[in-house]
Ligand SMILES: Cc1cc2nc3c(=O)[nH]c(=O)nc-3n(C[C@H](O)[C@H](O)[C@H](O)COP(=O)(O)OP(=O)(O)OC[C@H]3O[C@@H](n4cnc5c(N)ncnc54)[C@H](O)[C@@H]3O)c2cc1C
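In structure tokens, one chain follows: the form predicted alone.
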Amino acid sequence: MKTDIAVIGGGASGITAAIAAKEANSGVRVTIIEKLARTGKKIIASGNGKCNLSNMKLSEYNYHGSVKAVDIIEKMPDYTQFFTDYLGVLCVSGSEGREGGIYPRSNSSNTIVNAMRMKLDELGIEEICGCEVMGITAEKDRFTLICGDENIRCKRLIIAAGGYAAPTFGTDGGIMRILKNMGYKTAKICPAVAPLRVAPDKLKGLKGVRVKGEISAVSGGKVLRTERGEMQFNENNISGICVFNLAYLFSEYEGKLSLKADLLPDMSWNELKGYIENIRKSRGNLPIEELLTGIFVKNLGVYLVKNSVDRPLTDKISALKNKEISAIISRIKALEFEVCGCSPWQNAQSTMGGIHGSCVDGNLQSRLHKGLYLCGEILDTAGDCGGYNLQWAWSSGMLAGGSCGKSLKGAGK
């Protein structure tokens, strides 16, 4: 089979790239090659089915990696221009209480996918689904995609195949491995926007606990980043959006990264001390396992006391000494866990690492193979949780697709 532009990957960046390529050059034949039975499946699952498609507060702080995502995003149409003006999707901000998050007015990701599929049909963009690309060969003026029994030849190639995260949606890193074999440099790869693993024995008694607070990633005594939000303690990991936004640091600080949580960030040390001293007086005859039941759920309160003082939990609260109260306060204000790993790829929302920024130019064209463009998660940039990764997918897809389509103008068939 032959086509002018082949797009590997029918996710957010791939569909957007295909649309942008056709809009930039209506005379070219554009074909999406998708591994799964249908395009857009990962979009449908995004935002718990509600599609957090962007964020009102986009900044360099929210993106990490060698590709300068914000520089590209700022050059591309914003979500209003793309989704409302172009695709006809009404959008709102603040769904689910997430400040700054942008969602379709319908509160359903199907609205986004349906609008994009209608645009694909309108533009006459072809889709070949259930087709896995097993290899890529680059010739002087074209590329050949090796797809089982049939090869696909194209003049231009856009790679939007994602990274390793969420492999059930076809993003298992297969195309990344092909590109590495073709000479492309990759940054260190690990899960991002994911829970962080800690030793199970350190979490004993905390499984299922949810608590709002402030959590920091720390290495060598230096605070790398601090987030606020709800933390969730599981059998062998700590989860929650605030933790997800720290996961990208694991790639750089593996083996020397800790999480330090302040479970009462809105109370100072002295305020907390005054509160507990008052409890010592008012609940003096109760067992010390009840010391913190006015602040935390029972099992969290017991965990904090048990891991702070060396005495039976049946001792009376009035028996606590000042140094023991100080130890409990220290535990509340600086509960620390060593990070021993990231969660598996199936629990990650994005990939940290990917094709290094030095491999592409300002239009996301490959510096190694002219006519090959890359966009989305396959590139070395990872955004925070909250619509940042989908915004990167749309913006990079627009740039790569538009640049690719324009490159064929006047090139002839």
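In this text, residue numbers run from 1 along the sequence as written. Note that the coordinates shown come from a computational prediction; the quantities given were computed from them, not determined experimentally.
The next section is about a form of this same protein that is not shown, the form predicted in complex with the named molecule.
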{"property": "Segment assignment from 258-266, 159-167, 214-222, 333-341: heavy atom within 4.5 Å of the named molecule in the predicted complex", "result": "159-167"}
{"property": "Contact check for Ala20, Leu179 and Ser407 against the named molecule in the predicted complex, heavy atom at 4.5 Å", "result": "no"}
{"property": "Contacting member of Leu87, Leu206, Leu120, Cys131, with respect to the named molecule in the predicted complex [4.5 Å, heavy atom]", "result": "Cys131"}
{"property": "Of Val70, Leu368, Ala45, Val28, the one that lies within 4.5 Å of the named molecule in the predicted complex (heavy atoms)", "result": "Ala45"}
{"property": "Contact label in the predicted complex: Ile175 to the named molecule, heavy atom within 4.5 Å", "result": "yes"}
{"property": "In the predicted complex, Gly401 touching the named molecule (heavy atom, 4.5 Å)", "result": "no"}
{"property": "Distance check, Lys35 to the named molecule in the predicted complex, heavy atom within 4.5 Å", "result": "yes"}
{"property": "The named molecule contact at Ile5 in the predicted complex, heavy atom, 4.5 Å", "result": "no"}
{"property": "Heavy atom contacts to the named molecule in the predicted complex at 4.5 Å, residues of 1-39 in sequence order", "result": "Ile8, Gly9, Gly10, Gly11, Ala12, Ser13, Gly14, Ile33, Glu34, Lys35, Leu36"}
